[in-house]
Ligand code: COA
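In the block that follows, a single chain appears as structure tokens, in the form predicted on its own.
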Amino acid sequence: MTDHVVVERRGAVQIIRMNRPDKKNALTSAMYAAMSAALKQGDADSSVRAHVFLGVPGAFSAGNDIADFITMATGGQGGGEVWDFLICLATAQKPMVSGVDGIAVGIGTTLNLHCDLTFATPRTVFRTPFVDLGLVPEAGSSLIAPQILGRQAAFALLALGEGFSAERAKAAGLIHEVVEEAELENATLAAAETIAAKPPQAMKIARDLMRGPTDALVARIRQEADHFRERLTSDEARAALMAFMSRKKA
């Protein structure tokens, strides 16, 4: 489907690696579709007991590919793969672990809100500039972030667009641990392997109890998506996106 997502197996752990280093792992529709397919296939495979998300050195993800946003903002079609992936994240049946290094923008931050454990390096910065682009939070982050961070820290992250360092993210409960760059992948995979070695049914029940019903989360993702699509065609968002692209070309 795309070479920009590499899916591997390490024993009972499925690794989903975003691999578009030249664009800092900015996500395309094909990448979203590939990750959705991997989550669904892994959930359906009884030999898979945990999912792992990884990026490339220095870039977990720079967020959605802005060119895709501009296509949608100027009347083009698309976006379905994004919302499908977000629903897959919210409804994944098996534990998810992420290892984040460097850039973690937009979905590069909100993806981790769905993970059961997240490891990040000291140089990682989590940032969600949705409002700066005339858009709104996505991935159910408007529901999950206040639950995890408290309302004011969530507002700082999602509305003000403040960057959260790895240490600040750990202190706020956004991530599990800060590890050095050279140890990130090993630490992330070791945690996933520990999860995979546990009795699977007991692990599922424990995880489901902690996560709670997903109905409200899925409903919020759909509500955010409605606003997001509307905002993409607004004059405010178009101007912000075009200004962003102009700055990148300058």
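Owing to the predicted nature of the structure, the values given are computational and were not obtained by experimental measurement. In case it trips you up, residue 1 is the first one in the sequence shown, and so on.
There is another form of the same protein, the form predicted together with the ligand; it is not shown, and what comes next is about it.
Of the listed positions (A37, A225, M203, I66), a single one reaches within 4.5 angstroms of the ligand by any non-hydrogen atom in the model of the complex, namely I66. Residue in contact with the ligand in the model of the complex (any heavy atom within 4.5 Å), chosen from M31, L217, A62, A191: A62.
With a 4.5 Å cutoff on heavy atoms, R127 counts as touching the ligand in the model of the complex. With a 4.5 Å cutoff on heavy atoms, A26 counts as touching the ligand in the model of the complex. Proximity of G106 to the ligand in the model of the complex: non-hydrogen atoms within 4.5 Å are present.
In the model of the complex, the ligand lies within 4.5 Å of some heavy atom of L133. Only one of 163 to 171, 98 to 106, 146 to 154, 115 to 123 lies within 4.5 Å of the ligand in the model of the complex by heavy atoms, and it is 98 to 106.
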